[in-house]
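Here you get one chain, nothing else, as C-alpha cells; it is the form predicted on its own.
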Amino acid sequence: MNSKIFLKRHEERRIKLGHLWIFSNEIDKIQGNADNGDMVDVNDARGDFMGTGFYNKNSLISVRMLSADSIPDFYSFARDKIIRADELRKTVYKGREAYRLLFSESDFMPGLIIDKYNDTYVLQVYSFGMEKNAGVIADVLKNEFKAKNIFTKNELHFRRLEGLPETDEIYLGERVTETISDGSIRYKIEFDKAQKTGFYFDQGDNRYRIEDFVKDKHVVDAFCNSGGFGLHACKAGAASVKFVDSSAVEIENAKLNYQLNSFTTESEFISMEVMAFIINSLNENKKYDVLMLDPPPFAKSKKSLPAARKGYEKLNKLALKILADDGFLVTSSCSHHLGREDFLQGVYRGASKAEKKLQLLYFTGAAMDHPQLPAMPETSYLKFAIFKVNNL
C-alpha cells in the first residue's frame, strides 16, 4: 500500500489545473514511511484522493505527479505512456526514425527523457522514481519497441538537484554510432563525443524554417554544434556558409555531416569562440546576409538572470553589427528562466545600441516532439525568432 501525502489548504489548485510538481512547503503531513522514489497517494487537505506520484523527501520538488488514478502496475502504466508518446511523434514526423520519443512532464512521465536514434534509445533520468524504475523503462523499450541499444547520457546538474548518483548506465547493447535523418539532412551521431543525448532535436522544425531566408545568401551558423542550421542552409541554396563553434569536436562533427550529405556549398568550419569570431568580423569589416545564433543557456538559475539578460543583449548587438543591410538575424535562447519578453527585450536593446531597426517575422519554441503543458510553464524553454534587419 502506498504512503499518503496530504496537502495544505488550497495547495491543490495548481495541481488540479494540470501542474505536475508538488513542492515540499505545500505538504501538510505524510502517512506511512515513504522512501525516495516510492509511489505515493496524493490527497488534498480534506482527504480527497488527487492521484499518484513519485516521492523524494530530499528534493524541493517533493512529489512529481504521474496520474490522477492509482497505478497498480508501473510496467503497464509506462508502456501506455511511451506508446502514446510515440504515436504522437509518428503523426507529426511520418517516416522518421529519430526524434524525441518522450519529453518528461510534457508526456506525463516526469523526470524521464527518451531520444530515439533508429533502434538506439538514449535516456536522461532526473527523478528518483524514474531512476528506481529505469529497468522497467528499459524492458518496455525492449519488449514493445524492439530496441537494440539502451543507455543513459545524463546531465549531472539535474541529477545533483534530485540527489541521484552521477553515473550513466547501459541497459542493453552498447554505445554504437548511428546515422540518422531529420527528414532531409543526415547526421552521424557518435554518442561518446556528442553533447546532450547525441543531438539537439528541439531545433528540428526551426532548421527547416530558415530555408526560406538563405537562398544565394552568405550565412553564418554560430554555436553550430553538429551543423544543423548551416546544413539546412546548404540544402536550400545558400551562396556560402560559415560554421562556427568553440568546440573543435563539434566543428569536426559539422564537417563530417557536411561531407555525409555530399554538399558542395562554399563552406568554412571555424573552431573559435563566437564572440571572438564576431569581433574579428567587425574589425575586418566583414558582413553577412543571415546570421544564426543558437547559444547554450546563459541562465541556469534565477540568480543568473541579470547577467544572462546582459549577455543576450551584447551578443545580439554585436551580431547585428556584422549583418548586411536587409539581412536576417535568427536568434535563440534555451534558458528556461529567461522568459519570452525578457528574451525579446534583450534583442531589442541590442538592436537599439547597434542602431538597427528590427521586424519580427517569426517566433516559436521547440519542435513538435517537445510538446508543452499549458498549465506548466516549466515545459516551455526554447525561444526562437527570425528578424528582418533595417538600418535606423
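The model shown is predicted, which means the values in this text are computed figures rather than measured ones. Throughout, we count residues from 1 along the sequence that is shown.
Keep in mind that the form predicted in complex with S-adenosyl-L-homocysteine (SAH) is missing from the display, and what follows is about it.
- In plain terms, the part of the chain that comes close to S-adenosyl-L-homocysteine (SAH) in the predicted complex, with a heavy atom within 4.5 Å, is 193 to 201 out of 193 to 201, 304 to 312, 162 to 170, 260 to 268.
- S-adenosyl-L-homocysteine (SAH) in the predicted complex is approached by Phe229, whose closest heavy atom lies within 4.5 angstroms of it.
- Contact annotation: Arg207 falls within 4.5 Å of S-adenosyl-L-homocysteine (SAH) in the predicted complex, judged by heavy atom distances.
- For the chain shown alone, Asp245 is a contact residue for S-adenosyl-L-homocysteine (SAH) in the predicted complex, at least one non-hydrogen atom being within 4.5 angstroms.
- At least one heavy atom of Asn225 is located within 4.5 Å of S-adenosyl-L-homocysteine (SAH) in the predicted complex.
- Checking Pro296, Gly135, Gly237, Gly183 for any heavy atom within 4.5 Å of S-adenosyl-L-homocysteine (SAH) in the predicted complex turns up a single hit: Pro296.
- Comment: S-adenosyl-L-homocysteine (SAH) is not present in this chain, but in the predicted complex one of Asp216, Asp80, Glu273, Glu174 has a heavy atom within 4.5 Å of it, namely Glu273.
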